[in-house]
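Next comes just one chain, in structure tokens: the form predicted on its own.
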Amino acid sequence: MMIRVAVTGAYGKMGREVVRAVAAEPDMAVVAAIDPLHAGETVEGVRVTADLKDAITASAPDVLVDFTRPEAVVQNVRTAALAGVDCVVGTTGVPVESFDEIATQAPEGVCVFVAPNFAIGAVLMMRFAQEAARFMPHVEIVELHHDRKADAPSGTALRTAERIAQARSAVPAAPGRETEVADGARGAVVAGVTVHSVRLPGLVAHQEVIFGGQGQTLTIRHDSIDRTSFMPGVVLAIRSVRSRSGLVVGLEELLGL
């Protein structure tokens, strides 16, 4: 059975990759591409329209994929979910509680799936970091993204810090903050973990988790050097939401990690 997919933010860099990836799958079709700033343009032969509600009415999608911006994603997901459309959300910078409320209000059987990162390697990096934190509690995160990323720290860094906090039995002191020569030099603190955000042109999405112990360090790093790295995870999520309901957070839930 063909899965009918609508894509919001379809003219953006991630949106274009999603349209291309979905169109390449034999059991999927892009039935709507929505981007208010580029209505009338085409993406992979699909005409872009401006209004999500009208697009849902006209095309009857099974799944919405959203890679837009924090100020737009909540309303997009609300519009789709309340219309009975399952949602796959890759936009970060929004508290997960916002999506929980929408999933609760949506018709029975609708799934709202939210992931901070769709690269399978990044999910494995988070899993390995969680394991390492059981034995090496001293840890900091450095995340590096392109200079147009809207949020900092990244959703991946936030999720990694949360998983580390779940795994380690104590929160060691992170000295140096009280003697910073420049405010913020020691980074932000998320769930007791220090996080540093780098934003530069030329980057895509990268993260390293650095553990320190007596006489040793351990670094776990993942690099997305191309946006196609996220597409296998997006395709997996599109297929998976059809058999799930309510709010589901993290690609690890679909991979059994």
Ligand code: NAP
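Only a predicted model underlies this, so the values are computations on that prediction, with no experimental measurement involved. Don't overthink the numbering: it's just position in the shown sequence, from 1.
Omitted from view is the form predicted in complex with the named molecule, to which the following refers.
Stretch 146-154 is the contacting one of 159-167, 78-86, 146-154, 133-141, since its residues have non-hydrogen atoms within 4.5 Å of the named molecule in the predicted bound form. Of the heavy atoms in Ile120, none are within 4.5 Å of the named molecule in the predicted bound form. Under a 4.5 angstroms non-hydrogen atom cutoff, the named molecule in the predicted bound form has Pro36 among its neighbouring residues.
The closest heavy atom approach of Thr68 to the named molecule in the predicted bound form falls within 4.5 Å. Taking the partner from elsewhere, Ala72 is found to have a heavy atom lying within 4.5 Å of the named molecule in the predicted bound form. Residues of 1-35 lying near the named molecule in the predicted bound form, listed in sequence order, are Thr8, Gly9, Tyr11, Gly12, Lys13, Met14, Gly15, Ile34, Asp35, the criterion being any heavy atom within 4.5 Å.
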